[in-house]
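Next up is one chain by itself, shown in structure tokens, the form predicted alone.
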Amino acid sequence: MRSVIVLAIVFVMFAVVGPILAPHDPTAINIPQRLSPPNSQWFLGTDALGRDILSRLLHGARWSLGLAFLISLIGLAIGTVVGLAAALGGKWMDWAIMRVTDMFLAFPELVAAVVIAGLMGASTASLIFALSIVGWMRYARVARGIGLSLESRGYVIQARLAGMSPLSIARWHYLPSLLPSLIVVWTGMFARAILGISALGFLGFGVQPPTPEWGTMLLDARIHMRSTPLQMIWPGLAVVACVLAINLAGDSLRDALAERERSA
């Protein structure tokens, strides 16, 4: 649990305070300094337009991490509602909802997101919509599975006999039991959202230039990959480090919750 708190603080500092610490304007073009190697003025070098890579990385964190956080939260909200509707709606609604969920799961997430973003056009809004619409199914399956396991609990049966509505039962009896497991799933989906944003950005369907974002930085550096590979290495390392840190934090959180359940 401590690792999750520390990670959250680091990400907030990185995404919020990072742009303030950027030494240069991330969109300022400086052709005479294009493709400069790391030096005392440009700590990580410059790109093909002479823009400071470090400043673009720090500003890009706000987009890559911020959008991933938003997309994963949207998926969490949609999936929780769908899963609870399946668990509480009866046999036929459960069957219908889970078949729709299985249909979404049948398509590779990234391929489906590329198709949706391509049909809608390259923009930040289409990026958010595409990754949100393909990222809710795992939450739904977890919420539905836990919800069905709670049906036979005494306090749920008593709530039904007392005349509580399904919405009230979901709010007061299901959600407290769902949240720990959903948060563990959310950490993994947060990491997947970062990868999805970077992938769509690299394909040209993400945040549009000149706004700095890690995926678009990889796209811009692709042409000069052989002559100046550091242009691609820096944003690639940023994506790898964030995804790895989030996954490790998710594993620690899962172990902590499992230990608490065994103790209880």
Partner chain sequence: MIGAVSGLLLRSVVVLTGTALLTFVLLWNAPGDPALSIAQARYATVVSGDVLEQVRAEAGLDGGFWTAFRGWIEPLLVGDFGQSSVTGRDVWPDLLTAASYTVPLALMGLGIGMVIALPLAILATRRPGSWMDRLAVALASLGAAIPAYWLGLLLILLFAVTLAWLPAMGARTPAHAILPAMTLGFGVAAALTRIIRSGILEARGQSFLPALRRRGVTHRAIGRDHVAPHAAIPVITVFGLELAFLLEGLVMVEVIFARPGLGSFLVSAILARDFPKVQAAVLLTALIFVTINLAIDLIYRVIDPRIGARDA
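Quantities reported herein were computed from a predicted structural model and do not represent experimental measurements. Positions refer to the first chain, counted from 1.
Keep in mind that the form predicted together with the partner chain is missing from the display, and what follows is about it.
**Q** Contact between residue 253 and the partner chain in the predicted complex at 4.5 Å, heavy atoms?
**A** Residue-level check for residue 253: no, no contact with the partner chain.
**Q** Does the partner chain come within 4.5 Å of any heavy atom of residue 85 in the predicted complex?
**A** Residue 85: no contact with the partner chain in the predicted complex.
**Q** Just checking whether residue 237 would be counted as a contact of the partner chain in the predicted complex - the rule being heavy atoms within 4.5 angstroms.
**A** Yes, residue 237 sits close enough to the partner chain in the predicted complex that at least one of its heavy atoms falls within 4.5 Å.
**Q** So in the predicted complex, is the partner chain close enough to residue 229 to count as touching (4.5 Å, heavy atoms)?
**A** Judged by the heavy-atom cut-off of 4.5 Å, residue 229 is in contact with the partner chain in the predicted complex.
**Q** Can you tell me which of 192-200, 28-36, 51-59, 66-74 lies within 4.5 Å of the partner chain in the predicted complex, counting heavy atoms only?
**A** Contact-bearing stretch, as computed: 192-200.
**Q** If the cut-off is 4.5 angstroms on heavy atoms, which of these, 161, 167, 106, 125, is the one near the partner chain in the predicted complex?
**A** That would be 106.
**Q** With the partner chain taken in the predicted complex, which residues across 96-122 come within 4.5 angstroms through any non-hydrogen atom?
**A** Counting only heavy atoms within 4.5 Å of the partner chain in the predicted complex, the contacting residues of 96-122 are 99, 102, 103, 104, 105, 106, 107, 108, 109, 110, 111, 114, 115, 116, 118, 119, 120, 121.
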